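Have a look below at one chain only, the form predicted on its own, in structure tokens format.
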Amino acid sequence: MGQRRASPCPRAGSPVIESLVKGLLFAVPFVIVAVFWILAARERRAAADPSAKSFLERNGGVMAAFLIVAVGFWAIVMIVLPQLYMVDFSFHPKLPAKDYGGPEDHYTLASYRYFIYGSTEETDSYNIVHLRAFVLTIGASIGVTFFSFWFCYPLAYFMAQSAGPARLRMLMLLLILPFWVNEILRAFAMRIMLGTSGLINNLLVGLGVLAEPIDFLGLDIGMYTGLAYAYLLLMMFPLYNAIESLDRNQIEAARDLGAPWWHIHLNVVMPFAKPGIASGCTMVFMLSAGALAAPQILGGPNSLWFTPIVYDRFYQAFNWPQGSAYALILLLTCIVFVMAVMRVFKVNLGEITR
């Protein structure tokens, strides 16, 4: 019996198409900078103040040039270009390092096909594990974001509108002090507290509240609690900064007119604090969706989270194109969430980053 000759691997794109794609990727940083410059110019014209000094007048020529170069270098070289390299890498097949740029290297959607179907060739079944982990991560991150908001909002309102200077300083210190400890050490400490033989279970069983310990880690309660705790300050401080600038006379006027407390918060405080709410929600969601330490330390044996899968694609499977594709999918989802938050709260980028 004769041996079947293996057919050579065909290229998925011509040199012209590959050159066009690389040119587009090279042009993306400049397009992004131009878009943000146009948005900033529009916002500046909308809130134009004839007496306000320009950026150059406020900082001087030398300092203004330094700031522009420094920020441009940081944004393009340290953020945009690595992301673009990841985007380009996600459209290549898995090859040995020596073969990249060779005849077998071409643009392909194999990594994205694997994310959906669990195979680079077959499309008979779906990649249930990875798709379920992705949907669960996005849904749980939204849940953690809403929990963080409803937990932080009353405290932020109290600190901004009711607490005196001494009590405010004490509350600030109590909030900041635990975060002097490394995030991983805090996650391990929480794992010890939430374990089946940990402090919380022993206390509840000792008080007779529970007949037997609850597996907080196996039920993913520990992971969600750890995520909410890890990014607590990123929700607290934007809310505090927004509510603190609200004129108290508006609240007093609403009370004098007979408005109940829930009406004051829904129609006076929250509309004024929309930029702070949007800023806190976007930061907590993006960091929760991209968290790695808390899911690995506080997750149970059956916990599903998307970022450990991305990590495994890079460092366990050594499939960097696939890891890049997974990371890009997560990044695009986070960007869509940010845009949705801006749409819901009717705020712009300038208000969020203020």
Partner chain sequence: MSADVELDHVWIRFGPFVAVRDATLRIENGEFFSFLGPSGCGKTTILRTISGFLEPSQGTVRIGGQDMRGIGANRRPTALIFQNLALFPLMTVAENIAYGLRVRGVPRAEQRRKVDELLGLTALRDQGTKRIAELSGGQKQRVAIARALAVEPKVLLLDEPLSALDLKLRQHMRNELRAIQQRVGITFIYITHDQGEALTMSDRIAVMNAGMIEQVGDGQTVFDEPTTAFVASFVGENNPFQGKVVAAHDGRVTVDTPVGRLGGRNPRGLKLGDDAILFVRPDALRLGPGAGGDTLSAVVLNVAFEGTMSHVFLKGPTRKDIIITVGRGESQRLPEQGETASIHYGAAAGLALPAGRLASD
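In this text the structure is predicted, and so the values were computed from the model without any measurement. Residue numbers count along the first chain shown, from 1.
As for the form predicted in complex with the partner chain, it is not shown, yet the points below apply to it.
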Next on the checklist: For a quick test of understanding: in the model of the complex, does each of 126, 135 and 138 have a heavy atom within 4.5 Å of the partner chain?
Outcome noted: no
Next on the checklist: Please determine whether residue 164 contacts the partner chain in the model of the complex, using a 4.5 Å cut-off between heavy atoms.
Outcome noted: no
Item to check | Heavy atom of residue 267 within 4.5 Å of the partner chain in the model of the complex | outcome: yes
Checklist entry - With the partner left out of view, is residue 253 within 4.5 angstroms of the partner chain in the model of the complex by any non-hydrogen atom? => result yes
Next on the checklist: Within 4.5 Å, heavy atoms only: does residue 109 come near the partner chain in the model of the complex?
Outcome noted: no
Checklist outcome for this item: With the partner omitted here, the residue among 131, 142, 259, 214 that in the model of the complex has a heavy atom within 4.5 Å of the partner chain is 259
Item to check | Residues within stretch 222-249 having a non-hydrogen atom within 4.5 Å of the partner chain in the model of the complex | outcome: 247, 249
